[in-house]
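Take a look at this single chain, the form predicted alone, given in structure tokens.
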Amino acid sequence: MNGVDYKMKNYDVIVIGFGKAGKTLAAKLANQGKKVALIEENTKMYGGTCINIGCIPTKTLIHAAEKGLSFDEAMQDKTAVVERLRAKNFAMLDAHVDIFVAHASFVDNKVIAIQVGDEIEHLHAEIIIINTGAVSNVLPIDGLTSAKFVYDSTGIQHLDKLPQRLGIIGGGNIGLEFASLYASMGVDVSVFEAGSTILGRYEEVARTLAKEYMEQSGITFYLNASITRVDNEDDTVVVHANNNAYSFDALLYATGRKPNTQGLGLENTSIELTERGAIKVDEHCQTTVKNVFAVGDVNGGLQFTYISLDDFRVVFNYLNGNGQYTLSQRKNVPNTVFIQPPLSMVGLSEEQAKAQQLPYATKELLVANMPRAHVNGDLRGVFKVVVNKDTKEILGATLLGSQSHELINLITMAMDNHIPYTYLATQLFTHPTMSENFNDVFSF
């Protein structure tokens, strides 16, 4: 057809996308002797979102800022870390898996078309894993995609100079992390949030303090913001909101991410989507086509790299004949917003426990009362826990403070294993540490 040469290659497994779950499945299945193909259209995405444009580069920038590095030095650090990990991920698979740099599109349920140079190849496998991640949501704001100096969360990581004024549309995790990062570098940051509050899922005491700390760092919040258009004036980008105009050197839109299914050719298959545009899966991450799986952000689950890794466990367990570990067995999922200080949460808030009419009790402990906080020189924050008075189990915890991103994992393990809060109240912890404060906060 039009002089294009078509070829067919047969594999045991085809993985579309070099994300956390996909690459791990490719490696494990290849080590079992299966013939595996992995298709990734962008060589700068080896390893997936987290390594290249998500957790790793942003946290590297945050760490660089904490060390007092200049903007240029921070960017150099970030690039070095990303490139090193990207190369490590490629090397992990290169000797055992056929890697195609191409766009993948389904021809039918078990055949994928890719274009390599002038040739179109058809790859067939009975097992196919879709791991294409998510892309930025773009709100229908006039001028948002046409104005200059406007970036998504990927583009903002590649600025060639530090802006003096940064506007951010969206007060969610991504927006707030970038706000905190750039404010720590001396940038005048403004956050536009359509809602009446930020961090609405978190305990009120924690989100109130977090907002205060961010404001003290120089971040301005515009809540209930209604943005009508974005345009340019000279070398600035202007946000028109609530009958006012705000000028910036750069504008970030961080309004969530959606499953990346565009151009996958799913219309040529029996694969179904959910109402929200994610690929519909069962408890084994299997789509509506047998032995075609969707893992990571594309299946509409929580958008964390550790969730993608857990999707790998579910699929690998299923493919190896057991299938006992399923999505329905996934336990408590902790999360952290890497602002300063970091804000972490797992399980229920007090409001949720009350709504469920549970026999709960809560306790709060200010970080300023913790000995290690004085050693660290950072007295900001609060720990709040929610427990079941009858069963003695931990229902949830919100930790705002230094080391919260590490400490929350200890509470998650206790919850997953039904360890009563009374155990943490009497547990021996080393001193002086932040974890020893569990003795106090869990003493009812």
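For every residue, the number given is its place in the sequence shown, counted from 1. These numbers come from a predicted model, not from an experiment.
The following text describes the form predicted together with a small molecule, which does not appear among the structures shown.
Chemist: Quick check on this chain: which one of Ala147, Leu264, Val238, Leu162 has a heavy atom within 4.5 Å of the small molecule in the predicted bound form?
Modeler: Spelling it out, the residue with a heavy atom inside the cut-off is Leu264.
Chemist: The small molecule isn't shown here, but in the predicted bound form which of Ala65, Leu407, Ala27, Cys50 has a heavy atom within 4.5 Å of it?
Modeler: Answer to the contact question: Cys50.
Chemist: Does the 4.5 Å heavy atom contact test between Ile99 and the small molecule in the predicted bound form come out positive?
Modeler: No, no contact at 4.5 Å.
Chemist: Since only the chain is shown here, I'm wondering whether Ser180 would be in contact with the small molecule in the predicted bound form (any heavy atom pair within 4.5 Å).
Modeler: Residue-level check for Ser180: no, no contact with the small molecule.
Chemist: Taking any heavy atom pair closer than or equal to 4.5 Å as contact, tell me whether Ile14 reaches the small molecule in the predicted bound form.
Modeler: The answer is no: Ile14 has no heavy atom within 4.5 Å of the small molecule.
Chemist: Looking at the partner-bound form in the predicted bound form, is Gln303 within 4.5 Å of the small molecule by any heavy atom?
Modeler: Yes.
Chemist: Assess the spot marked by Gly172, Ser344 and Gly401: is the small molecule within 4.5 Å of a heavy atom from every one of these residues in the predicted bound form?
Modeler: No.
Chemist: Which is the contacting stretch out of 89 to 97, 204 to 212, 126 to 134, 347 to 355, given heavy atoms within 4.5 Å of the small molecule in the predicted bound form?
Modeler: Stretch 126 to 134 is the one.
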